[in-house]
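There is one chain below, alone, in structure tokens, taken in the form predicted on its own.
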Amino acid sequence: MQPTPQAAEPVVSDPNETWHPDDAFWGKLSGFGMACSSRSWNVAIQSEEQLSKVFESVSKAGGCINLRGSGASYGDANINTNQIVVDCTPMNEIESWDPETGLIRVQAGVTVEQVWRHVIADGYWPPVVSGTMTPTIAGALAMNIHGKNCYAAGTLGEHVVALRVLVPSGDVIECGPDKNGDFFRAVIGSYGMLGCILSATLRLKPIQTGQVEVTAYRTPNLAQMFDVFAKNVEQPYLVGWIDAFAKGDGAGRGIVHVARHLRADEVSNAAATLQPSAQELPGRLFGILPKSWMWRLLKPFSNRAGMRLINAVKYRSCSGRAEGKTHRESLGAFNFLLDFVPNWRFVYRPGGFIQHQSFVPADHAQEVFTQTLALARQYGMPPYLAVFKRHRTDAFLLSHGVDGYSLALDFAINNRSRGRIIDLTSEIDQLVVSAGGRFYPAKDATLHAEDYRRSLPDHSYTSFKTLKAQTDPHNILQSDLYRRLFQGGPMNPGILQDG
């Protein structure tokens, strides 16, 4: 058994003694999973000049700040216990858009939703999107998000042409793949710990319609899921759902969705599908029930028995159809599943949930994921949701990418489960590290510093620490996640106790 970590000590004993901007307010913030939370001085910045003043003042007075976008990271990446959190969302202008080249330049707080709404009528779509349209572009690059096409298109960072980054010294560094390249490859995926991305220029993807053709395959076990992925790796989109409650011969059973963009000659009115209205997610279930009510209706099922039933029904709902049945969906409906049920995460209240995502090279992935699902059952903690993806490597310094697969698992947190979940995820981490795997800090809350260091190449870890010391010598940029992974700090108190 791993020792249960102790609650984090406050960064300062009395928050009133910490310097903070005059318009900051003292309040509680949480990660998307709601299991990690803390109180901090929170301030929204409207401009580069305001942020520069905050950097300067903190440098003189002491303390530290964390940069926050829409708060879409699951764990403790966007919180900063007893210190300052800077809200970058007010900096949300689209500075330029060129349909001829597909290049768009946006400020830090522009969201994925703003981008696709702005460009889709011109026949473009973001090259990589997450399962929700709410992340800011700066936050998405700070975490280097991936999507259902990550094995083909890579991460969002691979589609960046240029960045402007404000570092704590007050300098603005302009960088890109061919300009200040080492800094560029370090700042993407650096959790916002090297500087604030003020603006980003992205190359978007041309599309002929706003629809995809989706083919669903039911897979009776994990081995079959790997087989379906291998046979469809030439397709642009692949994602698998796993029923983590199944065991025996059906362990790892699930559904794989394969999708491709539809061409203009395959759709009767292609121009209509490229209107933002055609991408809107329906507000009602079956045209009757408001979706805003759905999380309340699902709440009684937020336990092992209820989720076992929901997983079984989902699996069997596909089993009655012919294998490989095809249907059409809008790009919005296919990509933004996490937005389909508003506030679905509230089902996990009051303790919230954590997501654990591990990335394992192809040669070891099936073995590691089989053991992972078995461990979860042994602990009596099967994840309520399990998602399977294919990935590729990239050149970013703190990359989570491997030539292999990932498994993302959602675990509910409550007073009975929290200790076992911490022990369980620690055991999973050992499996992943031993197999040469990586982790994704945007979906992490329990990883220990030593396991994180072992998962990265030695040069990546040491190079990042060296660059951090150069660009942020006073260690102004910090977060609960940074202190946990790079300074051996404890887990956020919310993982360990309610509130």
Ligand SMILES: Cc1cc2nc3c(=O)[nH]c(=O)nc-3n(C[C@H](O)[C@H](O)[C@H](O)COP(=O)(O)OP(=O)(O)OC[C@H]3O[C@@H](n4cnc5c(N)ncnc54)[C@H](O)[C@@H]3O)c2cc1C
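Just so you know, these numbers come straight off a predicted model, no measurement behind them. Quick note: we count residues from 1 along the sequence shown, nothing fancier.
There is another form of the same protein, the form predicted together with the ligand; it is not shown, and what comes next is about it.
The ligand is not drawn, but in the predicted bound form it has no heavy atom within 4.5 Å of P126. Though the partner is left out of this view, W344 does reach within 4.5 Å of the ligand in the predicted bound form, counting heavy atoms only. Using a 4.5 angstroms limit between non-hydrogen atoms, S358 is distant from the ligand in the predicted bound form.
Contact annotation: G69 falls within 4.5 Å of the ligand in the predicted bound form, judged by heavy atom distances.
Exactly one listed residue, out of I428, M143, L331, L163, brings a non-hydrogen atom to within 4.5 Å of the ligand in the predicted bound form: M143. G192 is the sole member of G252, G401, G210, G192 with a non-hydrogen atom lying within 4.5 angstroms of the ligand in the predicted bound form. Partner contact region in the predicted bound form: 70-78, out of 178-186, 253-261, 70-78, 230-238, criterion any non-hydrogen atom within 4.5 Å of the ligand. With respect to the ligand in the predicted bound form, the three residues S59, L467 and F486 uniformly fall beyond 4.5 angstroms at the level of their nearest heavy atom.
Contact residues in stretch 251-281 (any heavy atom within 4.5 Å of the ligand, taken in the predicted bound form) are absent; none meets the cut-off.
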